[in-house]
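Listed next as structure tokens is one chain, alone, in the form predicted on its own.
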């Protein structure tokens, strides 16, 4: 199940012609309450899309009654007209639901630099709002409608102590950290105030979406939005809720990684023995972003020298003569020098784990990435044509 797994939510996804393919392209998620508490994190890209700028103002009020999402156009870098379009979209759904426009968030994804065809979009909002359902099918349809280059929808649901958490996500390219990764809607029927939701969401995102780095490219539209209906009446311990939310985010982040554009390998870069968590993240991210290494993994070549070369570009505290590297459990580098023969490494499986032990402390971190293939280059060479 998806965003309709918790009680108090309705969702829908329909096709309104934003995509030339005719596939679904507009979704709504409606919070019927009684609570409308919400929190969100957004892209750190300075070129924030119009829907991001609108939704930032909405979420600042701590109340979100609904969100309208579209694929088939990012509404990014579209000037004042784009901002007006985002506001008009929110006002349109708000009028249909008889709620304040300042409590309707907007999310868009697709090609940057082109305005949305508003007549089609608003007609789509009408149809989606009319068909919104609390059924599993409603949630599934919404998840399908936000896909762009995704090959499969991404959804999750888990049960807490008297409450539930649901979610949907889209993203296959431009996966890089910026407080969020692409579009993610999370729902819960727990009864928690906005401040607790915000703390839990930021904690969850920090170790999940913020550590998914498939291609090092940061989107203009990244949004992770958490809505709470309070319909269960359950008031969980904030720490327990945050732990559950983190599991949901990790589930979705893993699905995003496995569906990354052109990827043939899902790579986990684990850094241990770091002096600080920040050092561990910096080293893991440097390794994850090495195109040379990503190409080697695509070719099933356990070239550990490329790992060390990436580690060495960071300012992390470590002694180069004490760094160890393992690839799929084989310690091919010991003390910055050759370890076990690289021929012992089996890179045929889709899942690949690269472990870097800095021998400088007790902190650790893991960043998820993918390999770099000709299929990725082909897909992104013709995205706008």
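Residue numbers count along the first chain shown, from 1. These numbers come from a predicted model, not from an experiment.
The same protein also exists as the form predicted in complex with another copy of the chain; that form is not shown, yet it is the one meant from here on.
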Problem set entry | Answer option from 203, 272, 255, 303, heavy atom within 4.5 Å of another copy of the chain in the model of the complex | 303
Exercise. With another copy of the chain left out of view, which of 112, 243, 123, 99 would have a heavy atom within 4.5 Å of it in the model of the complex?
Worked result: 112
Exercise. Is there a heavy atom of residue 233 no more than 4.5 Å from a heavy atom of another copy of the chain in the model of the complex?
Worked result: no
Exercise. Hey, in the model of the complex, does residue 42 get a heavy atom within 4.5 angstroms of another copy of the chain?
Worked result: no
Problem set entry | Touches another copy of the chain in the model of the complex: residue 348 (any heavy atom, 4.5 Å) | no
For this session: Answer with yes or no whether residue 60 is in contact with another copy of the chain in the model of the complex, where contact means some heavy atom within 4.5 Å.
Result: no
Exercise. So which stretch, 235-243, 183-191, 306-314, 150-158, is the one near another copy of the chain in the model of the complex (non-hydrogen atoms, 4.5 Å)?
Worked result: 306-314
Exercise. Is it the case that 36, 130 and 199 all touch another copy of the chain in the model of the complex, with a non-hydrogen atom of each within 4.5 angstroms?
Worked result: no
Problem set entry | Contacts with another copy of the chain in the model of the complex - residues in 36-57 whose heavy atoms fall within 4.5 Å | 44, 45, 46, 47, 53
